[in-house]
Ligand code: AMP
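One chain follows as structure tokens, the form predicted on its own.
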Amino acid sequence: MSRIDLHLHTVHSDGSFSVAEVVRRAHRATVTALAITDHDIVSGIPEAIATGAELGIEIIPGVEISSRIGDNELHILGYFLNWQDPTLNQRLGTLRASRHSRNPQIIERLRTLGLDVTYEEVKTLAGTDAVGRPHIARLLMEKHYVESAKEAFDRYLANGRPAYVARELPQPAEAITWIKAAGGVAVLAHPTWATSAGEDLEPLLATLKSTGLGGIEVHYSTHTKRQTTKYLGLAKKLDLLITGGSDFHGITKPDVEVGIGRGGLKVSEKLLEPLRKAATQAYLLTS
């Protein structure tokens, strides 16, 4: 039973597995096409393309850009973009820099709470330029301050918890513009984040579409059947593309596997061609 997976993370951002291992896991899950969508970084794409060629898996260049709406984050996925575009990479670099300025503040707050952690330890553990809170959570797990990444966020790292520090992020419309300028298609990731933040999803989607949003992530590891049906209806009503993915991370989301999510996820290959067509049109507009 073949499938696609358009939302995955590797060690280049906050995933715990190498690019090659993620692609191999996709192969074992009968995934025929996948998008590496690391947070605010595209450096894993070349290895993914090489490994995908060996295993017969199409690699769609992707990224997941963090943006802010009110006091909450909203993530925008970009597909089929020119990942080598210098302007895109400069913009993504500013987002990674905002993490680097925030992370030491988080560590300092953890230390004032009595936890023996350093930012050097976090950077060593991450081994990447895109260091974030999941890496801090992993360090807390390794030092046995918490038993899981969820506990780390619930006790210390989530918004409103004692070690949380906000960071500078673009507005969603700006993130969409970055993706479109690089010839890609912008898609709203895990729409439950928006509803959990108190946003009315339909008018939000309509507003984002007016700024260039191309699709919505309908199929997702934690979506209930009711949520999937709701988001599918909104996509059709607003004429948005339908995408889906596992949001695989590895040990920070141990119940989510590549291609199958929590076991029941199946993103159809039929969703890929409309996305590819939209990307071709976006590319022609930027060339």
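Predicted, not measured: the structure shown is a model, and the values here were computed from it. Start at 1 and count along the sequence shown; that's the residue number.
Although not depicted, the form predicted together with this ligand is the subject of the following passage.
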Could you work out which of 145, 119, 80, 153 is the residue within 4.5 angstroms of this ligand in the predicted complex, going by heavy atoms? 153
Answer with one of 96, 109, 75, 138: the residue that has a non-hydrogen atom within 4.5 Å of this ligand in the predicted complex. 75
Is there any non-hydrogen atom of residue 149 lying within 4.5 Å of this ligand in the predicted complex? yes
Does at least one non-hydrogen atom of residue 215 fall within 4.5 angstroms of this ligand in the predicted complex? no
Residue-level contact is defined here as any heavy atom of the residue lying within 4.5 Å of this ligand in the predicted complex; does residue 209 satisfy this criterion? no
Taking this ligand as it sits in the predicted complex, is residue 172 in contact with it (heavy atom to heavy atom, 4.5 Å or less)? no
Site test, 12, 100 and 123 vs this ligand in the predicted complex, non-hydrogen atom cutoff 4.5 Å: no
Taking the partner as it appears in the predicted complex, which of 248-256, 24-32, 41-49, 221-229 has residues with heavy atoms within 4.5 Å of this ligand? 248-256
